[in-house]
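Two forms, one protein chain; structure tokens for each follow separately as structure 1 and structure 2.
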Structure 1
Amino acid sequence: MPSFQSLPGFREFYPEAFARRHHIFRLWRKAAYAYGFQEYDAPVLEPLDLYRAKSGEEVEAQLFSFTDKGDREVALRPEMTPTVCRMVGARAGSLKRPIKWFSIAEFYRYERAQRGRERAFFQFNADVFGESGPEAEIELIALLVQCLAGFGLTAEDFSIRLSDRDLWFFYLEALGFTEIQARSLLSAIDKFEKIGDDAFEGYTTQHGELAPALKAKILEFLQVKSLVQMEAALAPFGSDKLAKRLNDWRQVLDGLAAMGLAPFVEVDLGVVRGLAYYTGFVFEAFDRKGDLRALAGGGRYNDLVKKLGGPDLPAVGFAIGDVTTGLLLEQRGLMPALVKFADVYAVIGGKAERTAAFADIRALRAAGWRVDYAFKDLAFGKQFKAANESGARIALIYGGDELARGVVKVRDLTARQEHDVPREQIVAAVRDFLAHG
């Protein structure tokens, strides 16, 4: 017997689940528009090479890839960043800067089954191209806060951990590591929070045992949780480059504080990000209770547009996922429960009344209201039950008695009050009620 079940990690969205997804997307899109970002979209299937050596080992190992009928090696997109870099790179000359773009799209990664991770999931991606200063980070981190705060989540529910790969390279090189060693150490640091000391195994295999004194220095830097601690840890290595970098840090933190967002942002050098292309500030959003996987992640990637054949264009961005966001909203009771699909429900007495009702239903729908009614003649009680279940705020009652008088009975389903409205005024009456009622 063949199995007709959906594949593991690929979700079906029944209407209630779809309504929850729509709720999330709607508020993300609203946030992006409020911040002046423009929406774009891109192909689901891409040349495999777009991700090879660009996204990093972890994502590369998780690709859904195959050879198509034209013998091309292709992959379902695991993320948007390489694609958006190619798109922006191809038109960089004609796009007004800063380029602020966003998208909401589905991505595919062959992940191990676990809570908060699927094999097909949605991300909201927001990226700024053409701005090398920390103004872009301020804009994006503020937008990320809004992508969660828009649902009613507060600084007690989530935080954004801000870190810096530039600073890590500076520190590790000051300790005497080469760039290649520093890269390998950063991937160890990325895993350290999850697996502890085992994270350094890869480094040891490649570069030999790590001197205990140096390891201690690294673990110390990993603990940095504020700008003051950062300055103290770096004081022995003072240089112009470092001073400039610390100034960038101050600018980001001051900018976010001026927007009233300081309570959402934490300095945490333990975040270094697994993806290969990040070059500067990096950040991740987590729930404060810490029982969910990351809500969002991002950072600066100044070399990627050029690596993909475009001009030298600085870039920074982030992606927030629908799965962990949805879980957090449910945990906090912030996911609306009722699936409303109607504003108005027409309760129809019988065959003769149906003709009159149909004319009004069409007019109301044309005016933009969501109107529903029973396909078959049913008892009034059943129709009112359906009206309540539809989420409608008013029922229009088409009874023989009302129609004889040229009126419709309008019933407020919440206040349980009703009054008659002349039929020719029904569209205006519904509009007045739903706008002000």
Structure 2
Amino acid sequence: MPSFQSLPGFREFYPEAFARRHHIFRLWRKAAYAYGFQEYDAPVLEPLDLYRAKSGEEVEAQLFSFTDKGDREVALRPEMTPTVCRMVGARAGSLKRPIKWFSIAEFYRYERAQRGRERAFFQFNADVFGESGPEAEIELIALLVQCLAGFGLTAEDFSIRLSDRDLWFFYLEALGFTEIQARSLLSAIDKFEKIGDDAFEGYTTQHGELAPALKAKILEFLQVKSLVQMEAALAPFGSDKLAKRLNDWRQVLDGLAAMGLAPFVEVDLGVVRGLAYYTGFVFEAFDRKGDLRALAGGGRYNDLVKKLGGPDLPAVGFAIGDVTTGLLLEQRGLMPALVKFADVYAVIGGKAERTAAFADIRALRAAGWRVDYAFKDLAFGKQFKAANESGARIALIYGGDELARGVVKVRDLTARQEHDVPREQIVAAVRDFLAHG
């Protein structure tokens, strides 16, 4: 018989792994709901041309794409941005603005599987459509902080590195560069942190030697790490575009500071997000302590909805993946080790006690509690061991003495305390304990 295994880069989620994945998704959803975002979903299979329209034909090398039985060129979605732009664009006239949507979905990219990167992965995506001002960036960056801080991570664990492609374009224009030259330089800036001066080879190959004085000004601007430094660097130019952009920066940073999020935010002009469709502020969540580095990324993409056939609609969004989030939580000791599959565990003495317990078990389950019990008659010691392994907070003990007295003994499995409850009050007693105990 053949031995089958999962394909490279595709994960299997056994119950323990699934419980940890659910933990991540649950806290992401909690954050999104707290910020007033609405959840949506979309097809996993899309026309291949949707991704060509966004990123060009070179994107196909990273896609799981094929021709279907209807002779259509299709692809498994590698990201959500083109899809959500198509969906919002189709109903933009009837949607109340700002449009605040989020999703948690699986994506597929045909690339080499490695630590922190899989061929099939989940992402939390959040986007704001219809708001052209910095208010959208404030909302999304605050949400991104909560998507990580909700797990117990602090400003010592991660930061949000904030940059601005528009600011770079205006700055390079003030230095005398054309738009084509500026785009080439942004590509170099994007790579500079990783490879240093070699990042400028593409520019020199395409446009000729970069004057040392201009290169020095670019590298100097790259070192700006605060609004004060930014204002000083831009003051000599007297540019209206730069002055207006500085006001946008003040609004974003002041808004985040007012929310108490200043410790999480860093000015870092080395972040330009290589994707050409970004049109303004860009940002990344960054691992301060470890080697995971970029944990999430996003930015403004005002032209994409129109490019994909919709109306001219401003947009900002970000995505954060489950793979790097899970690794980060494990590194920091914040991933729950216990797989909890029960709230309540019924410890049952014998046949008569089982008959009584079954009625209560059914009532508790109908009320929404996760209740488990041993299928076979086991010694109490083995049942209590199973109760602790289940993650249950309380055990309900059905022994002969309890049955004779018409009560259930309720044991707090954490505090090791117990008390009797009349059987007819057990649902209310469990509800009260799990809500306040």
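Here, residue number means position along structure 1's sequence, counting from 1. The term rigid core refers to the most C-alpha atoms you can superpose between the two forms while keeping them within 1.5 Å. Remember, predicted model here, so these are calculated numbers, not experimental data.
Novice: For this pair of chain forms, which number matches the form predicted on its own?
Specialist: Structure 2 is the one predicted on its own.
Novice: Aligning on the core only, does the CA of S65 end up 2 angstroms or more away between the two structures?
Specialist: S65 C-alpha, core-superposed: shift of less than 2 Å.
Novice: For V407, state whether the C-alpha moves by 2 Å or more between the two structures after rigid core superposition.
Specialist: After core superposition, the C-alpha of V407 moves 2 Å or more between the two structures.
Novice: After fitting the rigid core, is the C-alpha of A17 off by 2 Å or more between the two structures?
Specialist: A17: C-alpha displaced by less than 2 Å between the two structures.
Novice: State the core-superposed CA shift for E209 between the two structures, in Å to one decimal.
Specialist: C-alpha shift for E209: 4.1 Å.
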